[in-house]
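Presented as structure tokens, the chain that follows is alone, the form predicted alone.
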Amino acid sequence: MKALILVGGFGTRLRPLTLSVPKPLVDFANKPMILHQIEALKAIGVTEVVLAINYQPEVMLNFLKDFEAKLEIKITCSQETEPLGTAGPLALARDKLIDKSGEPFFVLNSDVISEYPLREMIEFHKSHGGEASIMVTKVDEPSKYGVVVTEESTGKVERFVEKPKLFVGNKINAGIYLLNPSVLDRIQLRPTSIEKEVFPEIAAEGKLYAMVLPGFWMDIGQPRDYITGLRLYLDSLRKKASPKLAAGTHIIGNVLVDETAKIGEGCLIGPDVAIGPGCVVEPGVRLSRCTVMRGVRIKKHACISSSIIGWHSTVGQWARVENMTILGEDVHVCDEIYSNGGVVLPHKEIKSSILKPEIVM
């Protein structure tokens, strides 16, 4: 089987992290976002992954070369010279996706994090005999999304309603699809939306089915959702009794600590924290609801909550970092500084407090 991951553009919503690497390579729970998806695809027997990309393909491919060998899976790029929306990239990668087998192929949005029940999706797709299957997830506030209205018993999609004013259902597109090769005949090589143009056409012919995603789901393409996604992901590890979760008197709730990270005496860490490779957390530090990426040093008695600390940054002694502060790569926060929602571009030194949410250029 093959799969296409829609990598897309510049990742502006996750700046300043995406100023250092393309968005799919931003770490999530101690590994690049896209690796969660590639590993899930590999686990169900996908042999080739095509990345649909229009930005820095060489960075992506160089990075993924190691994983190609480790995971024994072929990874190729299909590069757009102009943005082609969510359907155009499928037409562009047509020759890579079609082979003699006639097998369906997966399409995933690179921002989506979930338990990836892909094996169940293959069974579902075979059982209904339609042309395309989409994964849907139930949400509390459907009015913010495009809602997928389905026949309850079969999952057959009846129609799509964009940001409904009145309640028509609570299932939204989860950005994971399984498509027969014939779907490619419906897509022209031009900027097109799979959600607004291609799927409604297939649904009108009664050939589109929706499977409700079991477990958690989050689009982690922006900081607040990234932090929520981390909580849901760690919670799912807890439910599976994963040995990856840290334990000890200094840990509260679900925490992921890379084995190469060093943690000092008297720290209190958690809930919902990921600490990456090579990090040094000095004594007396307090961390909650945050991600600390590779090579970060957090000095004595610093306190960090609801924030993302980018690669190789430093947070000074007694500093306090909170309220969706996002530090880019190699940012140095001096001792006793307070950051309330600061978004700091890479390679900066912060010598005075950031009292209200703002971007520090």
Partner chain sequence: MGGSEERVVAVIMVGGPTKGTRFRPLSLNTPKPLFPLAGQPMVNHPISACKRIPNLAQIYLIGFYEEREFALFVSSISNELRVPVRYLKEDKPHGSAGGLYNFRDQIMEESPSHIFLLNCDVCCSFPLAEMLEAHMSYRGMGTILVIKVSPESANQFGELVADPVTNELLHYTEKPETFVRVSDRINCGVYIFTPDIFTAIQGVSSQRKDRATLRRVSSFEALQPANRSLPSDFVRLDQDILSPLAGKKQFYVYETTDYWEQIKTPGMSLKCSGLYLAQFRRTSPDLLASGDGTKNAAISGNVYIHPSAKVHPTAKIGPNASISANARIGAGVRLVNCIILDDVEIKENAVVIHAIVGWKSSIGRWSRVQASGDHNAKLGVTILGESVTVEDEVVVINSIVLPNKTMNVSVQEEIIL
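Everything quoted here is computed from the prediction, not taken from an experiment. Numbering follows the first chain given and starts at 1.
What comes next is about the form predicted together with the partner chain, which does not appear here.
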Interface membership of residue 16, the partner chain in the predicted bound form, 4.5 Å heavy atom rule: yes
Contact flag, residue 361 vs the partner chain in the predicted bound form, heavy atom cut 4.5 Å: yes
Heavy atom to heavy atom, is residue 21 within 4.5 Å of the partner chain in the predicted bound form? no
Does any heavy atom of residue 12 come within 4.5 Å of a heavy atom of the partner chain in the predicted bound form? yes
If you look in the predicted bound form, which residues in 330-361 sit within 4.5 Å of the partner chain (heavy atoms)? 343, 345, 346, 347, 348, 358, 359, 361
